[in-house]
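Have a look below at one chain only, the form predicted alone, in structure tokens format.
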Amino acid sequence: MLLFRSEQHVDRWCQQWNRPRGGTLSLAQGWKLAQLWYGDRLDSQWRSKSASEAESVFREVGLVGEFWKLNV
């Protein structure tokens, strides 16, 4: 995971290192994702999320588009 200060900074980094632009998320989205992803981790009934469940969490956080699709 890399942290950037702006969308323009992401674009410059990608150009400088000749890398395709992947998925990005804001700090607020990252925090919400962590809460939804790990919020029940200490529950004795915890289990890994399926690809469909993970995509549902991504959508709830606002992470949409090809990058965030797991079921191809």
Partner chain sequence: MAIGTKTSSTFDQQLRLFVYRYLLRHEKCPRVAEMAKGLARSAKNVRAGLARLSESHAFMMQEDGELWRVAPFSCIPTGFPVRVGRKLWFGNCIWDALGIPAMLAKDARIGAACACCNYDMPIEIRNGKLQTTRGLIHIAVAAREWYKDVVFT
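Worth saying up front: this structure is predicted, and the values here are computed from it rather than measured. Superpose the two forms; the largest set of C-alphas matching within 1.5 Å is the rigid core. Positions refer to the first chain, counted from 1.
Keep in mind that the form predicted in complex with its partner chain is missing from the display, and what follows is about it.
Asks: Wondering, does S50 line up within 4.5 Å of its partner chain in the model of the complex on heavy atoms?
Replies: Looking in the model of the complex, residue contacts with its partner chain include S50, since a heavy atom lies within 4.5 Å.
Asks: Taking its partner chain as it sits in the model of the complex, is Q15 near enough to touch it, meaning that at least one heavy atom pair lies within 4.5 angstroms?
Replies: Looking in the model of the complex, residue contacts with its partner chain do not include Q15, since no heavy atom lies within 4.5 Å.
Asks: Is G62 a contact residue for its partner chain in the model of the complex, using a 4.5 Å heavy atom cut-off?
Replies: It does not: once its partner chain is placed as it appears in the model of the complex, G62 has no heavy atom within 4.5 Å of it.
Asks: Looking at the partner-bound form in the model of the complex, is S56 within 4.5 Å of its partner chain by any heavy atom?
Replies: Contact with its partner chain, no.
Asks: Though the partner is not shown here, which residues of 1-34 have a heavy atom within 4.5 Å of its partner chain in the model of the complex?
Replies: Heavy-atom contacts within 4.5 Å come from M1, L2, L3, F4, R5, S6, E7, H9, V10, R12, W13, C14, W17, R19, P20, R21, G22, G23, T24, L25, S26, L27, A28, G30, W31, L33, A34.
Asks: Relative to the superposed rigid core, does W46 relocate between the shown form and the other one - that is, does its Cα move 2 Å or more?
Replies: It does, since the W46 C-alpha is displaced 2 Å or more between the shown form and the other one after the core fit.
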